[in-house]
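There is one chain below, alone, in structure tokens, taken in the form predicted alone.
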């Protein structure tokens, strides 16, 4: 889902950067007020895991790629979409600067898709469904919808930028990430959540437990 440099005009890139900076301000304040010494190592481990899973890219026509994002799981475990935003932002910045995975001009757009849309959709779908179904099922659906909606948003952004047609973008980005969401993002996120719930429930936000 990483967008390379040159795929979005600078004027549009600035808009995404402004949104990311605003959300980043609230995320940093959340971290100052809510993170404790038990959760910081968990964030580091999750960040390393996300870095690894993002390296497993599936090429998608017209130059972008498909992969897991991980931000829904982080948001659910830590009890806030700001947690997912912070972790994914750090990962994407390192990838862009050190590995050329996603461009610098479009870094704001990539964080917007995977860090904001992915985190907020995944977390709030989970919160909405948790009173209705088991938490594991809520994690699965939230993680699936997070990556799928982020991919659809990416297709719209590239269409607005004139990079490729919307219909083709929706087909390829939506289809690829729907499959990734079902067989990878949803399944792996659920496994990690259930494992931690059984072994280390103290590391999971109380609001994310049954």
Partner chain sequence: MENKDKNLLIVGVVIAFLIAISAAFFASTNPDGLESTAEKLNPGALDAPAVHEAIMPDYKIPIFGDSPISGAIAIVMGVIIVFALAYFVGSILKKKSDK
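Numbering follows the first chain given and starts at 1. Bear in mind the structure is a predicted one, so any value in this text is a computation, not a measurement.
The same protein has a further form, the form predicted in complex with its partner chain, not shown here; the description that follows concerns it.
- Taking the partner from elsewhere, residue 96 is found to have a heavy atom lying within 4.5 Å of its partner chain in the predicted bound form.
- Using a 4.5 angstroms threshold between heavy atoms, residue 159 stays clear of its partner chain in the predicted bound form.
- In the predicted bound form, at least one heavy atom of residue 196 sits within 4.5 Å of a heavy atom of its partner chain.
- Contact annotation for residue 86: at least one heavy atom lies within 4.5 Å of its partner chain in the predicted bound form.
- Each of 48, 52 and 165 comes within 4.5 Å of its partner chain in the predicted bound form, counting any heavy atom.
- Annotation for 1-26: interface residues with its partner chain in the predicted bound form are 1, 2, 3, 4, 5, 6, 7 [heavy atom within 4.5 Å].
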